[in-house]
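Just one chain is shown here, as structure tokens, and it is the form predicted on its own.
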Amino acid sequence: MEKIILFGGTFDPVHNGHIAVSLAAVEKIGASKVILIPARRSPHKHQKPLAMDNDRMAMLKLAVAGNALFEISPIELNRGEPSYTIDTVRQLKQKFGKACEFYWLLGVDMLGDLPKWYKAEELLSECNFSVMNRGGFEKPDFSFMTGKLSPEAIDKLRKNQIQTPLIDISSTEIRRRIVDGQDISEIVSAAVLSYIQKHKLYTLGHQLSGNDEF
């Protein structure tokens, strides 16, 4: 059975850490493909992405150009708000068929919110969630989920956790560095950096210009 990794996020902007953990997950899971899924706006976050949808899509394409392992899906950008993960998984299941098994990458920092996700129990029964031990965070403790999710769902999460490179990079930090005029060339690809500079993304002027509507 073909294994496909689903990696959702705002990717605002995509950085080297996103790519590194994706490639590590491919090796650990034995997947044939990673589908990067930029979110229109996460139901779990109040802040909208600062870059517009087309800019985030463009940067993702530049970040993985020439790497056949990656595919980028606008499935959530094309859906009205709110956009739920279970809808994304079900749409992709219809597209790829029963011969595929999906693994959704989840940063350990998001684990605490997982029981609050829309139809979380159904989602965990329909898709494998691979919890990543991300740089800067403690290894996951699943005991807090007792009573919030079924024992079967918790056990499945515990079994599917994976080790990924301890890369402590965040899009928030990148945006802060840009505002402060600091160098980000070591944490984003050259092509993404060029795009950010050309379009003046994440500068104070960009944030005040109204480009944060999406």
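Fair warning: this is a prediction, and the values are worked out from it, not measured in the lab. One rule holds for the numbers: they count along the sequence shown, beginning at 1.
We do not show the form predicted together with a small molecule, though everything after this point is about it.
Asker: Quick check: do Phe11, Gly17 and Gly107 each get a heavy atom within 4.5 Å of the small molecule in the predicted complex?
Answerer: Yes, the whole trio is in contact, each within 4.5 Å by some heavy atom.
Asker: Which one of Gln182, Ser185, Thr172, Thr146 is close to the small molecule in the predicted complex, taking close to mean a heavy atom within 4.5 Å?
Answerer: Exactly one residue meets the criterion: Thr172.
Asker: Taking heavy atoms and a 4.5 Å cut-off, does Leu124 contact the small molecule in the predicted complex?
Answerer: Close contact is absent here: in the predicted complex, Leu124 is far from the small molecule, nothing within 4.5 Å, heavy atoms only.
Asker: My question is simply whether Ile167 lines the interface with the small molecule in the predicted complex - judged by any non-hydrogen atom within 4.5 Å.
Answerer: Although the small molecule is absent here, Ile167 would touch it in the predicted complex, with heavy atoms inside 4.5 Å.
Asker: With the partner left out here, check for me: in the predicted complex, does some heavy atom of Ile196 sit within 4.5 Å of the small molecule?
Answerer: Taking the distances in the predicted complex, the answer for Ile196 is no, it never comes within 4.5 Å of the small molecule.
Asker: Just checking whether Asn128 would be counted as a contact of the small molecule in the predicted complex - the rule being heavy atoms within 4.5 angstroms.
Answerer: No, Asn128 stays farther than 4.5 Å from the small molecule in the predicted complex.
Asker: Which one of these stretches, 155 to 163, 172 to 180, 185 to 193, 63 to 71, sits within 4.5 Å of the small molecule in the predicted complex when only heavy atoms are counted?
Answerer: It is 172 to 180 that comes within 4.5 Å of the partner.
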